[in-house]
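The chain below stands alone and is given in structure tokens; this is the form predicted alone.
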Amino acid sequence: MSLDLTLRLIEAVNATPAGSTTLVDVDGPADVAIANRWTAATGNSLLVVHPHAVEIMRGRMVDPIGALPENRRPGYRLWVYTNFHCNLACDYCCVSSSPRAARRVISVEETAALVRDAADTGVRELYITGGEPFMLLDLDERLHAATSALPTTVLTNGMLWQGERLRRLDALPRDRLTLQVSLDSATPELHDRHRGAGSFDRALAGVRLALDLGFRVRVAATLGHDAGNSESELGSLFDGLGLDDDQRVVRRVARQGEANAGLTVTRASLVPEVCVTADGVWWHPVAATDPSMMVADAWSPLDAAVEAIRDEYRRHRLRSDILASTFPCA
């Protein structure tokens, strides 16, 4: 059987152009092991194990994940939607958060377990988002669990830090926590157009409060088609707040959730950012309610979901590279 499989591997790969792929029938794990050893010994690449076949590329493939900067590799950071309800109803929210949205909360206990699993999986950073995470009065308990294991950034509109929430915020650690506040323009008109009247002044006050409390703060702007000169004007505002380059985030609207315009995103077009919600694991946080972006309906075991995302990303990149080599334009 092994000789027959080896001959079929040689015949199939020799008939395949360099850089292209072929399928070879296999019968069980022993055949897969033979194919794996043969490709390794002959300078070819076993890409995917299908139920009854292996997919092989003629030639050695450069690992597309290894080619990415370390902090862009799937699994370097984990995004966690603690909840989906929000005090605002922004008209381009990628996950349709609002005061009326279903809460879909990840509990304190679940967060602690997820953080432990993430650290064991090799995650290096946590990003906590929503919804508005600070809608959860006990968010601080989740953040204590998160920062005890990994550097953590929490995304917020910065508007709820009063009373008991302010007291709990002030008790959080400063050394492993970053507060990322949304601010879409340097003046109220554009920001309030999309996020609601008065939201600009409250968000800017939140940024200043967080800075006064000694937190590391990032400010993130989401720019739509009507942004105009907002990006350059934002630069002046960021300068006035004393923000360094790595404390500034400018991104475009994705056509997801409430947004009826913006960048169209797919699994094949996005470098994945592993994302967990109460409903499961998703390809990217910008599409954490899009059924086509769901990876698994449960996050545990997290390492299996991360590996599945990496394998799929490799396949997308390989197909793209093969297509580019097949249809050169010059």
Partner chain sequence: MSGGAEVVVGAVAYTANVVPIWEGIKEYFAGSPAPMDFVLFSNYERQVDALVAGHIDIAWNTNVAWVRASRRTDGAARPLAMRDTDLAFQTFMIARAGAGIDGLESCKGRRVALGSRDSGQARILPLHFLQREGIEASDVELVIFDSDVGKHGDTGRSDLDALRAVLDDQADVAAVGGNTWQALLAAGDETVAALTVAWESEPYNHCNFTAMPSLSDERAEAWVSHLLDMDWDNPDHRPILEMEGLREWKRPELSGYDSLIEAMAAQGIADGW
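If you superpose the two forms and keep the largest set of C-alpha atoms that fall within 1.5 Å, you have the rigid core. Numbering follows the first chain given and starts at 1. For clarity, every value in this text was computed on a predicted model and none was experimentally measured.
The same protein has a further form, the form predicted in complex with its partner chain, not shown here; the description that follows concerns it.
Proximity of Ser300 to its partner chain in the model of the complex: non-hydrogen atoms within 4.5 Å are absent; the residue sits far from the partner. Among heavy atoms of Asp25, none comes within 4.5 Å of its partner chain in the model of the complex. In the model of the complex, its partner chain lies within 4.5 Å of some heavy atom of Thr42. Contact check for Glu307: every heavy atom lies farther than 4.5 Å from its partner chain in the model of the complex. Contact annotation: its partner chain lies within 4.5 Å of heavy atoms from the stretch 34-42 in the model of the complex, the single such stretch among 34-42, 48-56, 273-281, 287-295. Within 4.5 angstroms of its partner chain in the model of the complex, the stretch 6-36 places a non-hydrogen atom from each of Thr6, Leu7, Arg8, Ile10, Glu11, Asn14, Thr16, Pro17, Ala18, Ile34, taken in sequence order.
Annotation for Val286: C-alpha shift under 2 angstroms between the shown form and the other one, rigid core superposed. With the core superposed, Ala33 shows a C-alpha displacement of at least 2 Å between the shown form and the other one.
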